[in-house]
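Okay, here we've got a single chain as structure tokens, the form predicted on its own, with questions on binding and movement later.
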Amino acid sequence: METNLYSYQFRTESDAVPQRSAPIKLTKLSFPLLRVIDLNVSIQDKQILKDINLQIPEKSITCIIGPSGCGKTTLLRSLNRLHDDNADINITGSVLVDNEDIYGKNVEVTHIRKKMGLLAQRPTVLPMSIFENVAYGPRIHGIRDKRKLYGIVKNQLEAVGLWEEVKDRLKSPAIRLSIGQQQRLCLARGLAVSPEIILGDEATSALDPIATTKIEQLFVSLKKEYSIVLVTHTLRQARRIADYVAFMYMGELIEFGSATEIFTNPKHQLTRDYIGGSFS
């Protein structure tokens, strides 16, 4: 199965206005679980995202990189309809998850969000116990059996490497955990509802190097089962863990490809300049 992506080219090497060129092809090993088609996002009269076309490869880590204010977080939040509460935002285009347009008519938002676990920049634990933080999602979706809930909590805490650290204090308030532990707890909470996709918005930016390493290792291990999309402001992090990289600039997707291609042989001068440190 072949799929299409849009690439871009510049009129001159210094020209920062990308133009859409002929589609490039991905091989079938990159089956798109998540597709973005002609996505435009504006806040009042200011356009934030411009004609984004992107296909996220399955069971891999895709890092979205680019300078501050380029639209990375806006794009990520668009993938999970997290702009719904802002009446000033206008969104056109499509985001397909399992070939279902999440912006289509009569789409049930809770059903869509169940497919995606989200890690924010800072961990946001619920004001309840460690156990209840992880059990919260399954309870919402109808699981009441105590043994089943305990099994889910144990399995997901093990999946994020937290079980041995908290198994003797599951009834303790989650807020008492370190910030790194809280972020892993948030990841366990997201995994507890069996998502297909994990979204991360600079999920390690508030963590110390040791906690960052643990989270990165978790992402690498979890990609065997999940498609992972991460916004990161750190090129070093993208180099360490990304399988694919999307480079954005001024609200446009400039280049997408494998991490090896982007970091060793980018096609566009603007990408080369950013990776080379000419601007940040």
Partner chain sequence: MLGITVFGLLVLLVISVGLLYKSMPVIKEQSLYDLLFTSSWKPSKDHFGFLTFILSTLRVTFIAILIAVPLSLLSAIYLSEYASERTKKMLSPGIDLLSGIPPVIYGVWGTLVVVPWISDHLAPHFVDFSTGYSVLAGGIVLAIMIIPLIISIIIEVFAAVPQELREVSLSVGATKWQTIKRVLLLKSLPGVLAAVILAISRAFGETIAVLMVCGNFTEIPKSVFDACYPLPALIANNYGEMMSLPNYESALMFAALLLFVIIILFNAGSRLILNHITQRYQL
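Positions refer to the first chain, counted from 1. In this text the structure is predicted, and so the values were computed from the model without any measurement.
Although it is not shown, the form predicted together with its partner chain is what the next lines describe.
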{"property": "Sole residue of 161, 137, 93, 180 within 4.5 Å of its partner chain in the predicted complex, by heavy atom", "result": "137"}
{"property": "Position in contact with its partner chain when the complex is considered in the predicted complex, options 107, 206, 175, 89, heavy atoms within 4.5 Å", "result": "175"}
{"property": "85, 114 and 189 each touching its partner chain in the predicted complex (heavy atom, 4.5 Å)", "result": "yes"}
{"property": "Contact segment among 206-214, 152-160, 98-106, 115-123, judged by heavy atoms lying within 4.5 Å of its partner chain in the predicted complex", "result": "115-123"}
{"property": "Residue 193, heavy atom within 4.5 angstroms of its partner chain in the predicted complex", "result": "yes"}
{"property": "Residue 74: touches its partner chain in the predicted complex, heavy atom cutoff 4.5 angstroms", "result": "no"}
{"property": "Heavy atom of residue 148 within 4.5 Å of its partner chain in the predicted complex", "result": "no"}
{"property": "Exercise: residue 141 in contact with its partner chain in the predicted complex, heavy atom 4.5 Å", "result": "yes"}
